[in-house]
Structures are given as C-alpha cells and as structure tokens.
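Let's start with one chain on its own, the form predicted alone, as structure tokens.
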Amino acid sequence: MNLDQLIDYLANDSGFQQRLSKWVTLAPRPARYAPFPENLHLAIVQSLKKKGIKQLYTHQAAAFETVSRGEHVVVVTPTASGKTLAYNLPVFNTLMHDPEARALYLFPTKALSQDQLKEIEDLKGKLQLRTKAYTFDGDTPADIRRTIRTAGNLVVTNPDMLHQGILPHHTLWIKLFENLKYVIIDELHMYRGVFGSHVANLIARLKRLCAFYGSSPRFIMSSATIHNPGELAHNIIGDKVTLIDENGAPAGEKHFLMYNPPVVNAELGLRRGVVNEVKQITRKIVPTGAQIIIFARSRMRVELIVTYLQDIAGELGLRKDQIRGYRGGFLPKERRRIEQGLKNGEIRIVVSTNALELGIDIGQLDVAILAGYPGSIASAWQQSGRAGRRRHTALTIMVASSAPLDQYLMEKPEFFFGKNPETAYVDRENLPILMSHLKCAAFELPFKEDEEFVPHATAHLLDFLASERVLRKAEGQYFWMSDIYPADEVGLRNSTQENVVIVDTTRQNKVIGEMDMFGAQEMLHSEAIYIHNGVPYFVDKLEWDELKAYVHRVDADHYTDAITKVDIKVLDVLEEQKEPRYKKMLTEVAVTRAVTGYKKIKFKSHENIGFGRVYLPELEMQTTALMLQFPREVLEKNGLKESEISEGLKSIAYALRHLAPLFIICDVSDIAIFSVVRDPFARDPVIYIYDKYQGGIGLSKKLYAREGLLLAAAREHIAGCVCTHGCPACIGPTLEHDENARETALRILNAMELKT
C-alpha cells in the first residue's frame, strides 16, 4: 500500500472518519518562474544551471531585484520554497564584484546555523570563491575566533553571540563592521515578545556601530506566514521594509487532517491521550513505506512516543534504530547522524520537538503527525511543511489534546484554515529592556548629546544613567564609567535582570535553568512540582534571598497550581472605547502579587487532591493591561446575582487566557488574567488581561484591538464543549466551580451582545 492508497483507505474508514473534525485537501501548485536578473553575475547563473536551476522562482527574483534597489526586504513563503537562495543570491553577487564585502547571518538556533553553513559552502565552492565562511557561536575555539574576526567574509551566528561576543568587542571586528553589506535574519517570526523586543534593541546597537565604521548594511529577512510580517520586520530593524509574500515555488497535493480523540470521560471533558492515539495512527501509516515525522511539544513526550513505537517495532516490520528521537540535549554528531539518516531513508520515523520545525534540510518526508497543537498556527504550518517537500503527495494529521486551544480549533477548523489571524509583536520601548541595551550601547561607544537611540527619550534616559553614576557626561558626550560588563547582565530571553536560578540536586548540584522572579513565586515555591522539559521535579526549597531554587527529580502523579493573591491598581488609561454592552480600556497598571498557597491537581483527571501554604513576600510590577468592564446593571437585568457573576467571570477569564494565543503569537504563560466583581477603579465587574513582564511587551495592546474576536471565541468554545458542567478544556477543572458555572459564563457573554 502506498501513500495515495492509504489516503483512500482513511477516507473510507468510518471509525477514523468519526474522529475527524476537518479534512482539507490543498491542490498541487505549479511553479511560477522568472528569468535570471540581468545584473546577476554570469558565474552564478552558470553555477545554478549546473545544479539544474534554469530559472528562479518569482519570489527569489523579486527579492534579488528589491535588494539591488537598495531596499530592505522580508520574504514570507512556506517551508521548502527556496528562501535560502533568496538571501544568498544578493550576498554572493556582491562578493563576485567585491571580495572584501562582509555579510552577517543571524539564525535562532545552532543547528540551523550549521545547516545553512553547508548551503553557503556549497555555493561558494561551485563559484570557486576564496571568501571564508564560518559559524561563530559558543562552541567556536579561541584560535578560530581570531581568524573569523579578520578573514570571515560570511559570519553565521545567533542573536546571543552578536549581543555578547561581537558588539561589545567591535574593535576586534573592524573588518566586519567597515565592510558589512548585508545582515540576514532568518526565521523572523521567532523574534517576538521579550526575545523580539531584545533583538530590536540589539539591531539598533548593530546599526549604530555600522554607522560609526561607515557602513550601511541592507537587511534581508525571511519568515513563516504570520498576519503582520511587514510590521514585525519594520519594528525589528527600525526602517522601511518591502514585503514579498507571493510564493512562486511548486508544491504537491497536501492533505491536512484535524483528528480529535474520542471522549473517555464526558463529565470531566477528557479525551483519549495524544501519545496512544499517535501510536495507533502510526500503525496504519507504516505499511505504506512512508517516512514519518512526529512533532511533540515536550522532550518528555518525545521520549514517550519513541519508547512506545520502539516497543512495537517488530510488529511494524522495523528495526528499533529506524525509529529515532530528535530534541535539544543531543550532541551535535548525534543530530547530524539523524539528519543524514532521514535524508538517505535509513530512518523511517523521527519524533522531534520543534527543533526540526525550522528550515534544517532533512530531505523528503511523506507524513507529518502533530502530537497536539504546537501553540501557534504559524508553527503548525511550519511543521506540516516538513512533509511533501519535493512536489509529492503529503499527509499531515494534527492530533488534538484536551487543552482549550486544541479543542477550540477542533470545533472551529475554519479558524485554522482561514486567513492567519496571529500577529507577532515587539515593544522596543519596554523600559527595563531598553535601559539594558542603552547601557550596552554606551559601553560600546560613547553617546553624543543629540544622539537618538530611541525617539524622543534618549537624552532623558542618558541623564538618568549619569545621575546614577553609570555614565559620565563630559564635553557633550556620555561615557561608560561602571566597572561591570553590561552585556553579561542582560539575557535576551528575559525582561528583567534578576532571575531565580534552578539547581537540580538529584545527583549533583547542576543548574538546569532560570526563571523570572514573578514566575518563580508561582512555579518554584517550596513543595511545588516543577515540570522542566517534561520531567517533574520536587522543589525542596526556594531560597528567596539567594534567588536559588533547589529541586530534585521525582515520580509524581500530580502537579501544583499556585494560589495567588492579586491586587491591581490602575495608574493611567491610555485608550478607551465603549462597545454596545461593555467597555474596554488599555491601561497602565501596578500589579501586586503574592503566592499564599498551592493546590495539588492530579494528572489526567485534574481533581484537587490537597493543598499547602506558601510564605513569600509580595512583588509589584508595572505593566500594561486590557481592561474589560461589564456593566453591573446589564448583568443584573439578566437575573445574575453577584456571587454568580464572580464565578462566571473566573470561568470566562480561564477561557480567555487559554484562547488569547490564537490572536497574538505568545505562550499562555506570557499573559495573566485577573477578574474582580467589584473593581475599585471601575465600580463594575472587570476582567484584566495583562502582560506578565515588567513594563509590558505589547501583548495586551494587541488584544485591545481584537477583544471582540477573543470574547466571541470564548463564548463559542464554552458553548460547544462536550462536558457537562465545565472542564479543563473550557472553563477550568470542574471541582473549582459549581455545576452552574459554565451556564453562568455563557449568560454573561450572551448579555454583552458580542459581534460574530
């Protein structure tokens, strides 16, 4: 049985069909070509023809011509559409005329950097160029680093190394900065939220040094499909960007199936587990001879699926070594072996975290199985694009979990397949992040009195740093005077400098991660069950004064959920708008939060099996919040009592928090929601949705423009859930609510007369 026969078989399998919420067939797409640009060097044209490339895809040609006009560009096309050539052609065309030219390539992961270096070396070899290409990361030996600084025409690195290893040491990189013609930023959609806000400031520092050395590089960016790629690119580099999003690459027929496991407990809204469903689906596919990639959301789930499949390898007619996992923590040589095994067909099934979601070349795969919704529509399509990379028929099956996001998409598949609503947002002016990079920039070069690093605020911020004796002002310039090395104090993944270090004491004291102080109170308090990469740890002690949490591995049948006392004070109303039955405001707020206890929640059943007390100091954070005000008189006219309103708001808040990532690309943990039935500021029932980062990172601002869509989605999802009174897939664990909580939530939402 081949893949086409399998698709026919699945189409006629009534049991399988009953579990599908949607089967979408995407028709084959022919290639659209453009001739080689006239100003593309003849040697490059001849080299491409030898590789069998007789014409360019339209988006590749458009990118080349746009860059040739001196414009910055962002190319937004699907996986395996030739974006690599789109940014390599301008670079190599310049190198053919100017051997001293330099280009800086930024990739979000080491694996992607290594993979792209192979593409660069291949093209360089065919053109017989003497230019040097190197990767520069934490593993690069010291002697090689010296060579890269002086002789590296093409430097392949990541934002973290640019931040700590290149910009602060720019005097050692004079050749790069004086001759920098291009900056390549691949997988642009990865730079969002806190990380993106850091990278936007990082690019501002890079441009500042380039200007000092007399260069003005063009930026060539690529991204997966999101709603606002042009806006994101503009916010990252701070300049006008030309968007190219018409894909000229061909594609074979693609079948995308949305599969919802059967309900096993209607009262709790629980469905059969994702891991077992994936195992059963894989049984059906393996006899076709198809090569399969399975994406899982955690390292633990990867290992579970690999173990289950290797246990039945004999039944599948496979050797155990033909089924492999792929995730962070593997040594580079092991990753290379797996990638090579996929390319040559020796490995039949690979189970991966999102490490293989990005554009690493792993050859031709036939089937992609998504073990749970990956968290964003962009990621889902990226993972799906790993199958059918060479014009053949491809099959993707997304297997849903019981989580609210998964179940909402199963109920509303048109939301997934319609126009992508997800927006990626960065806030370069987040004050803690901005101040961190202002210090780094001042360390790199003194600031002139009239210089702008950020519009309208640079002088005030520099004066503040001078008053704090971090900078010294003299002769119209601000000079660095602190003893610290500022780049070491700034992590690109956090908005604040102070973090709690997590120490694993299972075998020896080993640091396994860190967490911001607000998150640490909720997840690393003493006696918490902390999940790290799918592995449960028991928190022995949170040493708050030392900012260290000591944990050890444990086999746990439950997780902990912090009981948090929250108080919100509105500091300023930035925007407000009255809707027919409710009011929305974008506000600056002070959030005072303290963890006072925790609940023990059993895995799978989500029942509450106990609680404990926590004694930690209150923390205050200033951030931005979307404030939804529900007029009391409207709710009371609909027969709702105050106690019912309170419970209903909690239920709505749970749904809103879990569905918000559908409208802005973020993780559920990036936002927090607080409901209050008698708000001191509004005097009405209110739900606050706020960024869980000091200063805010723009998530609530984006939701302010989309609150109607979010509320309508919550109403539809709660109404369509298969549970009886409420469950973890809609309004939260049932034991936290009375049996009318779901109905009350719907009554409140219906009273608001939401637009659909």
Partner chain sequence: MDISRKLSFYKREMGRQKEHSSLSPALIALRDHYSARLLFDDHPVLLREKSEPAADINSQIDLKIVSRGEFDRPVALERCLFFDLETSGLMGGSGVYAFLIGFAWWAEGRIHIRQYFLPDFGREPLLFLKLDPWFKSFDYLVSFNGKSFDLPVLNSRFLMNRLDLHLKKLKHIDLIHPVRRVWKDSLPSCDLQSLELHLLERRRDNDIPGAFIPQVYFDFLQTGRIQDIIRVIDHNDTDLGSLIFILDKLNRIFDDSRALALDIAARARVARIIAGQKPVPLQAFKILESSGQEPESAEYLYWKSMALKRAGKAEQAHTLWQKLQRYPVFTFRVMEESAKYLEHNLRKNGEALKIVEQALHLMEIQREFGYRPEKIYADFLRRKKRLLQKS
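Because the structure is a prediction, the values reported are computed rather than measured. Numbering follows the first chain given and starts at 1.
The form predicted together with the partner chain is left out here; the points below concern that form.
Colleague: Identify, from the list K284, H169, K343, R683, the residue with a heavy atom within 4.5 Å of the partner chain in the predicted bound form.
Modeller: Looking at K284, H169, K343, R683 one by one, just H169 meets the 4.5 Å heavy-atom criterion.
Colleague: Which one, A355, L243, M435, A313, lies within 4.5 Å of the partner chain in the predicted bound form by heavy atoms?
Modeller: Selected residue: M435.
Colleague: Verify the flagged residues L461, S467 and D572 against the partner chain in the predicted bound form: is each one within 4.5 Å by a non-hydrogen atom?
Modeller: Yes, each of L461, S467 and D572 comes within 4.5 Å of the partner chain in the predicted bound form.
Colleague: From the candidate stretches 427 to 435, 379 to 387, 662 to 670, 252 to 260, select the single one in contact with the partner chain in the predicted bound form, where contact means a heavy atom within 4.5 Å.
Modeller: Flagged stretch: 427 to 435.
Colleague: With the cut-off set at 4.5 Å between non-hydrogen atoms, does I362 touch the partner chain in the predicted bound form?
Modeller: Residue-level check for I362: no, no contact with the partner chain.
Colleague: Tell me, yes or no, whether M481 is in contact with the partner chain in the predicted bound form, where a contact means a heavy atom of each within 4.5 Å.
Modeller: Flag for M481 set to yes.
Colleague: Going by a heavy atom distance of 4.5 Å, is D488 a contact of the partner chain in the predicted bound form?
Modeller: Contact check for D488: yes, within 4.5 Å of the partner chain in the predicted bound form.
Colleague: Given that the partner is absent here, does E514 sit within 4.5 Å of the partner chain in the predicted bound form, heavy atoms only?
Modeller: Judged by the heavy-atom cut-off of 4.5 Å, E514 is well away from the partner chain in the predicted bound form.
Colleague: Heavy atom within 4.5 Å of the partner chain in the predicted bound form: which residues of 615 to 635 qualify?
Modeller: Contacting residues: E620, Q622.
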